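One chain follows as structure tokens, the form predicted on its own.
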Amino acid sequence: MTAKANRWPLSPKLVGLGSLVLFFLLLEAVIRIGLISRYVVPPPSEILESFYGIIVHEHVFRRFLLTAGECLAAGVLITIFGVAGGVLLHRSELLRRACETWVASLAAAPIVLAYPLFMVLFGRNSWTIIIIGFIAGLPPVMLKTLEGIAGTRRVLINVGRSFNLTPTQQFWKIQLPAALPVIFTGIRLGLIFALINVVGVEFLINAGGLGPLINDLAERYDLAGTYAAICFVILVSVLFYMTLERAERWLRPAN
């Protein structure tokens, strides 16, 4: 099985692309015959045609770059502070017992509803959007970092002790590398939360990016254009996912 996968490295991508094309063809047929109303979901062919309009008239690439930049800023913040926070919770048993439940509760809190408060603090600009995305994406990174470090196999810790490694050396050479897969899972979840909140706050406060474009197209009842703009939001998510995947491969070359 592995030899066949190595012989045809593009097969999974081609199967995925083919499945996506087949899905859109079936969706087009279902809408054309009236099983799904075109006033709810426009045919994929109309969505494809609307790309030209939003690219030429709506400056979608500029909006795309703004939303991607806000997500990148939020992602950098959640990675730095989330991993550091998870390490701190692991190092301090008292702090972990005091704060772990609150951090988990924050993951379920509708932070986006507090946007008026953040607008008072930071103004109606990108900083409000970035900070809300950062707070929304922070808990999963912290919790997954804590889970990954705490889940380091005891045999690896014992091997480090047999080489007389200091606690700092144990962390950098054993615990952190062993926790990387779980940490990257947390970063992926954090970026998903951040992207949802970034686009949602853009939608609410009408401050640049793809969110206001989706709102504007929906108010004009341009359904095809609305779905086309949503495709650019999905593209942001895909780009970040692919970047994280490459970063994980770079940090874990043996895998």
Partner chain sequence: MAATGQLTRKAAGVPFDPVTMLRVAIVAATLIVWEALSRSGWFYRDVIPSLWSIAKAVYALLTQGTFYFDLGVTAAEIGAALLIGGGLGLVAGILLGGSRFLSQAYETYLYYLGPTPKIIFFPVMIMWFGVGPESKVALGALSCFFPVALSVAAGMRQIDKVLIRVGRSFRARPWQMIVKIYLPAMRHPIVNGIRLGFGVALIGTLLAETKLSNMGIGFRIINAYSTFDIPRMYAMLIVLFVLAIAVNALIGRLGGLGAVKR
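Numbering follows the first chain given and starts at 1. Here the rigid core means the biggest group of C-alpha atoms that line up within 1.5 Å when the two forms are laid on top of each other. Here the structure is a predicted model, which means the values were calculated and not measured.
Only in words, not in the display: the form predicted together with its partner chain, which the text now covers.
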item	value
Selected contact from Leu176, Met119, Leu72, Ala84, since only one has a non-hydrogen atom within 4.5 angstroms of its partner chain in the predicted complex	Met119
Residue (of Ile192, Leu48, Ile55, Val30) lying close to its partner chain in the predicted complex, criterion heavy atoms within 4.5 Å	Ile192
In the predicted complex, Leu17 touching its partner chain (heavy atom, 4.5 Å)	yes
Ala108, heavy atom within 4.5 angstroms of its partner chain in the predicted complex	yes
Interface membership of Leu95, its partner chain in the predicted complex, 4.5 Å heavy atom rule	yes
In the predicted complex, Gly151 touching its partner chain (heavy atom, 4.5 Å)	no
Stretch in contact in the predicted complex with its partner chain, which is absent here, among 72 to 80, 179 to 187, 135 to 143, 86 to 94 (heavy atoms within 4.5 Å)	86 to 94
Residues from 222 to 244 in contact with its partner chain (non-hydrogen atom within 4.5 Å) in the predicted complex	Leu223, Thr226, Tyr227, Ile230, Val233, Ile234, Ser237, Val238, Tyr241, Met242
Core superposition between the shown form and the other one, C-alpha change of Ile54 at least 2 Å	no
